[in-house]
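The chain below stands alone and is given in structure tokens; this is the form predicted on its own.
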Amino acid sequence: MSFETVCHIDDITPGTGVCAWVNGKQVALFRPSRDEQVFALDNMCPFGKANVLSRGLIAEHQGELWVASPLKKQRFNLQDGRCLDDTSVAVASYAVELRNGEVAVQA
């Protein structure tokens, strides 16, 4: 499994997401809190058909972290990409490694 370094952890403001170009596609990176935990999902919202998930609202629901699409508000689990509002839908999730403050995403 190869990883591509995309940014420094400090480039992601806690409680937000950013978009990165990884292996030819847009990947949404999320940093839910001030700790050094980062999640990566496809940036494409399968309902709105637009690359916008990185701009979604991050929250916790029933002990799970999720992001709500800014278009149609469907929620996607940050760990595995499954949609909490429609279990037949999911977005791809990617492994993330932190190396000396650098964020690397599975390519």
Partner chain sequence: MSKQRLVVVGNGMVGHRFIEDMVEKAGGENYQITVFCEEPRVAYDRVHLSSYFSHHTAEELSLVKPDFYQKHAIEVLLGERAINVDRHKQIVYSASGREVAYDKLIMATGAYPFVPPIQGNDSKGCFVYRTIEDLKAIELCAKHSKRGVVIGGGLLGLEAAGALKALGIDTHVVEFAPKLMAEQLDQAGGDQLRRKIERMGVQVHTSKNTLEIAAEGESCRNTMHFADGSHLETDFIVFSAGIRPQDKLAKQMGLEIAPRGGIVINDFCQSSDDNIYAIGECASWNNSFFGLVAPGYKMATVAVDHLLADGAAPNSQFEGADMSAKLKLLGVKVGSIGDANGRTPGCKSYVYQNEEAEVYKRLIVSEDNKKLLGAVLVGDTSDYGDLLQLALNEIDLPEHPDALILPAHAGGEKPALGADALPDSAVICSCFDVTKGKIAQAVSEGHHTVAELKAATGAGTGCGGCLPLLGSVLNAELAKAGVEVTNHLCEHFAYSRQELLHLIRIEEIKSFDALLEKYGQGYGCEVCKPAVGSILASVWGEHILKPELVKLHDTNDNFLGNMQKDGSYSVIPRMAGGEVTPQALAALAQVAEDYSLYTKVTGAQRIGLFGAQKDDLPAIWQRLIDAGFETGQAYAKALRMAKTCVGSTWCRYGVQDSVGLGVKIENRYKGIRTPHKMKFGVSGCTRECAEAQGKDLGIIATDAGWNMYVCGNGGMKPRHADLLASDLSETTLIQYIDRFMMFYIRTAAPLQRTSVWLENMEGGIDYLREVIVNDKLGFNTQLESDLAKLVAEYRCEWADTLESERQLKRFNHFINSDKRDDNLMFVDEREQHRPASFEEKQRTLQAKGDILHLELEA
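Note that the structure is a prediction, hence the values are computed from the model and not measured. Positions refer to the first chain, counted from 1.
Unshown form predicted together with the partner chain; subsequent notes refer to it.
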query	finding
Any non-hydrogen atom of Thr87 within 4.5 angstroms of the partner chain in the predicted bound form	no
Pro32: touches the partner chain in the predicted bound form, heavy atom cutoff 4.5 angstroms	yes
Contact test in the predicted bound form: Asn43 vs the partner chain, heavy atoms, 4.5 Å	yes
Partner proximity in the predicted bound form: Ala104 to the partner chain, non-hydrogen atom cutoff 4.5 Å	no
Contact set, 57 to 76 vs the partner chain in the predicted bound form - heavy atom within 4.5 angstroms	Leu57, Ile58, Ala59, Glu60, His61, Gln62, Leu65, Ala68, Pro70, Leu71, Lys73, Arg75
